[in-house]
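Shown here is one chain on its own, the form predicted alone, set out as structure tokens.
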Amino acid sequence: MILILSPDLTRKSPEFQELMEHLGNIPNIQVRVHEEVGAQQVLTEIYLIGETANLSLEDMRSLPGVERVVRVSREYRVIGRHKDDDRPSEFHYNGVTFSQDNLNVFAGLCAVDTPEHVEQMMKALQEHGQVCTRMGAYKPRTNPYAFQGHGKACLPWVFELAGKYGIRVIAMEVTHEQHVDEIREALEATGHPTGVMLQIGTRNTQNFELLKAVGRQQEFPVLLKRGFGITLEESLNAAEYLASEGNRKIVFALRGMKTNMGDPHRNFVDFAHVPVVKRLTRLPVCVDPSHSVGSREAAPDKLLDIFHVTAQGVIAGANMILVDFHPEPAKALVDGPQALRLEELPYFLEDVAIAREAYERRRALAQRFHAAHGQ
């Protein structure tokens, strides 16, 4: 059960203190408090965990400071979209909004290699009005002899270059709790010129200790990739791990499933699950076409498979695109064969805009239809 309190009710208010005292006396119930800081107000939610079936909705609504009560009937208690639940589904970080209603593009290097390449990438993004990117400093690899990333050594100059070119958010994978500390220290040392979205990769979707550690900190938002060999339900439970620890600034990423059924693509594209995730949860949904396709192959229409797959995700309502670019793909240390070139950036962004316009028109059509039929 979720108690949604009156807007801007603070923990120091008498009503809040009275409410918490009352809840503390209910047997077999655990109480967790979460504050959702929005652009204009603070929304406080209290999660009651345990034997809540016998709690009366009317009694809960009558408690001091309570504006609304949501009875949780699904497995995803925190991230779930429950019946009659219209809580906000967005968050703001370093001037960028993430929600189920907008779209952000994170184009960049799968793996950071040289300062020159990073600067070329960020300069191109600035020239085309982009404020987000991806930059891999820590790279978990299947082959133990493959390039593992520059790690913390590259963080200072990556962050400084991001500040120079107005990049507000960098999606950066972490594989260990220590990496979060290294990112925080590097941001502090460079004067916080940018922000970081912590990415948990597909291999760590069920690394529960990492999930709990990243969930406990609320400084950085999280991009959680679906596990490549597990069900959607199992991956969404990983997102619930993060949220249950306190961090609800989560974007859920689809990146393809590992199976030969997807050949010749690198992974079987799962972007049909974009609307499913938005229906089951309140999380913004990201698509990763680069790791789904894994090549620069093109159809007879001259459109790269990566463009086609991106459009599939965007037309289905995706809210974020994570895509590999590189100034010189042949020299990329990781996943060069699938990287798009810098001269393709404006072309890619325009193609994304066309797909987004198609989604907006489809959504408007659906709204008109349901309004006309009283649904």
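Note that this is a predicted model, so its numbers are computed, not measured. All residue numbers refer to positions in the sequence shown, first residue = 1.
The same protein also exists as the form predicted in complex with phosphoenolpyruvate (PEP); that form is not shown, yet it is the one meant from here on.
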Triple contact flag Cys110, Arg134 and Lys225 to phosphoenolpyruvate (PEP) in the predicted bound form, non-hydrogen atom at 4.5 angstroms: yes
Heavy atom within 4.5 Å of phosphoenolpyruvate (PEP) in the predicted bound form - residue from His273, Arg282, Arg255, Lys249: Arg255
The unique member of Thr202, Thr194, Ser244, Asn104 whose heavy atoms fall within 4.5 Å of phosphoenolpyruvate (PEP) in the predicted bound form: Thr202
Candidate stretches 154-162, 120-128, 194-202, 92-100, one within 4.5 Å of phosphoenolpyruvate (PEP) in the predicted bound form by heavy atom: 194-202
4.5 Å heavy atom contact, Glu173 and phosphoenolpyruvate (PEP) in the predicted bound form: yes
Contact label in the predicted bound form: Lys278 to phosphoenolpyruvate (PEP), heavy atom within 4.5 Å: no
Proximity of Leu322 to phosphoenolpyruvate (PEP) in the predicted bound form, heavy atoms at 4.5 Å: yes
is_contact(Lys139, phosphoenolpyruvate (PEP)) in the predicted bound form, heavy atom dist at most 4.5 Å: yes
Residues in 282-308 close to phosphoenolpyruvate (PEP) in the predicted bound form, defined by a heavy atom within 4.5 Å, in order: Asp288, His291
